[in-house]
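Only one chain is given next, in structure tokens, and it is the form predicted on its own.
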């Protein structure tokens, strides 16, 4: 009896595994057909279609929609409910398009802006750690980095049905590491040590470092700062936004100890003193807030960034 039960269990596992594989391949094929169809459209038509799909999804996603509206009102209380609702739909549509463009990165030629100091870092070939955010075209930052450097690396949350096919990254010379991998951070450390340019989204909630964001305490992922400190690489901040004509613009800024010290008004610092992780993250989030206020309709408002937690 035990042998038969074990045999049945093994057979069931194999069957489920085959079904799962078939399902993943079917979804992957469906997405590829959808992308192929979208690419036949002009970019403006493609953008409007994806934006409308995003807005339609939000209309039926009650929990996501309510969170987005509440986040906007809490962050910017000067907004009325109607203004917050309209902004939530515009932002969701724009972000849907920002995500979708990851599938045709080879067609994007971003305009890149930075000062001379930052340009030297990007062209040096010695690597850097880059704090970025979910605004505009999500993968335009590592795409822009690849225009300067041989090793542009980013951390992504690749769905299972796409994990085996990441051509949309590799064909534009971006190395994408699956954040669900157990050794993801150690691989980032290795690549940073080998002079790669690491772009990490760090405007999500994570139970790591306390920050103040839109006047409210929350916690944020500090991996990009820890990585920079551990590998002694320059720390940059970058973001990508769409212009009215659909052109993507990517902005790079250097975060140096001197600049951070000048901005820190709450406690005394000197050029010789090293900034703590908390201080650097505070400055990153202060800058994020400024960018979001400038481009509120391009940032993803629906994520639960202000979770309650015990200090």
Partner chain sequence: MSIQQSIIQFIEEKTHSPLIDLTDNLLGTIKSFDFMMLMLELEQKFKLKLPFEQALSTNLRQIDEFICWVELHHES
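Residue numbers count along the first chain shown, from 1. Just so it is clear, the model here is predicted, and its values are computed rather than measured.
There is another form of this protein, the form predicted together with its partner chain, and it is not shown here; the text below is about that form.
Although the partner is absent from the chain shown here, 186, 189 and 277 each have a heavy atom within 4.5 Å of its partner chain in the predicted bound form. The partner is not drawn, yet in the predicted bound form one stretch among 172-180, 143-151, 189-197, 89-97 has residues with heavy atoms inside 4.5 Å of its partner chain: 189-197.
Of the heavy atoms in residue 227, some are within 4.5 Å of its partner chain in the predicted bound form.
Shown alone here, residue 118 lies farther than 4.5 Å from its partner chain in the predicted bound form, counting heavy atoms only. A residue is said to contact a partner when one of its heavy atoms sits within 4.5 Å of a partner heavy atom; residue 208 meets this definition for its partner chain in the predicted bound form. In the predicted bound form, its partner chain stays beyond 4.5 Å of every heavy atom belonging to residue 156.
Contacts to its partner chain in the predicted bound form (heavy atom within 4.5 Å) from stretch 212-226: 222, 223, 226.
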